[in-house]
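Just one chain follows, in the form predicted alone, and it is written as structure tokens.
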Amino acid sequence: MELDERKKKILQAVIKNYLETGEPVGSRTISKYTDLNLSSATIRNEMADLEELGYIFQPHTSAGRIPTDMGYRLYVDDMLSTREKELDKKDRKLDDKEESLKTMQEIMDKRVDRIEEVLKDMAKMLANNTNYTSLVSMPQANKNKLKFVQLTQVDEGKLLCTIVLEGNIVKNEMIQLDRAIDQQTLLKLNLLFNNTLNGLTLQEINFDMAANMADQSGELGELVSEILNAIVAAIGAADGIEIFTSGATNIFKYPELSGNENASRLISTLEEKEMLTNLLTDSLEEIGESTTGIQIYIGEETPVNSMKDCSVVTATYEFEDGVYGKIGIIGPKRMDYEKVLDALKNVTGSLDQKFGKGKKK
């Protein structure tokens, strides 16, 4: 059922008041909070309808109401729609984030040579500015492709295999040799691997290809198989995702999350970072020029079980063509969504400017 304007305004008032106070909201509060000029009795009836429709609920008898996940979703979707209209008219600027912008620029200037340090500093800044928990992933290709392989004999018994993937991700593997290799053979091996494998993903390197390469190499077939195994392992390892987190203890600032069981589950999830990958990789394959990369998960929508009492907002930044990273904010469902969206827009814009879209202009 589509809500009429009056119900929408009352729902928005309930949600905004709950975002600010964290306390159930009663009809008397709403009568003072809105410009509807309605009596408390009328507001009570409208709130009863909203409860029946599933947008708000009463946590216990004689208490006010608080929003449900469905109520938050309607509020967030309306807010996003309004922001889109504002952005169509003019670029939105942060009104109280000059210090954040300054800090962000300092981070960019200070650590431009090391993306890991930039992202760690960004995570800390986001956690400090929002009072929520932040997480930032290292940039990652949708499917890692091999850029080139360089085989170098470092001494008679060792072969250094340098594997470079898209995004200039570099992996080094040392392979033991049972005998020395002359330069001409080494050149042939380099040509074989680069001509056969360059531009391929892990999924595209198959058994038939490996067998064919080994056959072409004659007595070096065993060595070729060993080098190929090292390349496959390097691409597979790069398909993992490195995540930096900050502000985990901010969870304890919100009573609905700080109960012993809830807090311990959340902290464990943040420590076991592989559990966070679902949050940051779900939409990577769908990213294109027409998407903003913004995702908002509310309560049950969140793909991590221990975060069903939270909201999670993620955004995408571009490191270079086809290589993306994700930034996320985790907080209570009553988080300040506008503040979070502005913070993420600011950070992703700065990263794009330094490493991605802005740099290519």
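Note that residue numbering follows the sequence shown and begins at 1. These figures come from a predicted structure and were not determined experimentally.
Just so it is clear, the following notes concern the form predicted in complex with the DNA, a form of the same protein that is not shown.
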Original post:
Mind checking whether each of Ala41, Asn45 and His60 has a heavy atom within 4.5 Å of the DNA in the predicted complex?
Top reply: yes
**OP:** Consider Gly26 of the chain shown here, and say whether it contacts the DNA in the predicted complex, taking contact as heavy atoms within 4.5 Å.
**Re:** yes
Original post:
Is Arg65 close enough to the DNA in the predicted complex to count, meaning some heavy atom within 4.5 Å?
Top reply: yes
Subject >> Proximity of Asn305 to the DNA in the predicted complex, heavy atoms at 4.5 Å >> reply: no
Original post:
Does the 4.5 Å heavy atom contact test between Arg6 and the DNA in the predicted complex come out positive?
Top reply: yes
Original post:
Which single stretch, out of 327-335, 308-316, 52-60, 295-303, brings residue heavy atoms within 4.5 Å of the DNA in the predicted complex?
Top reply: 52-60
Original post:
Counting only heavy atoms, which residues in 327-344 are within 4.5 Å of the DNA in the predicted complex?
Top reply: none
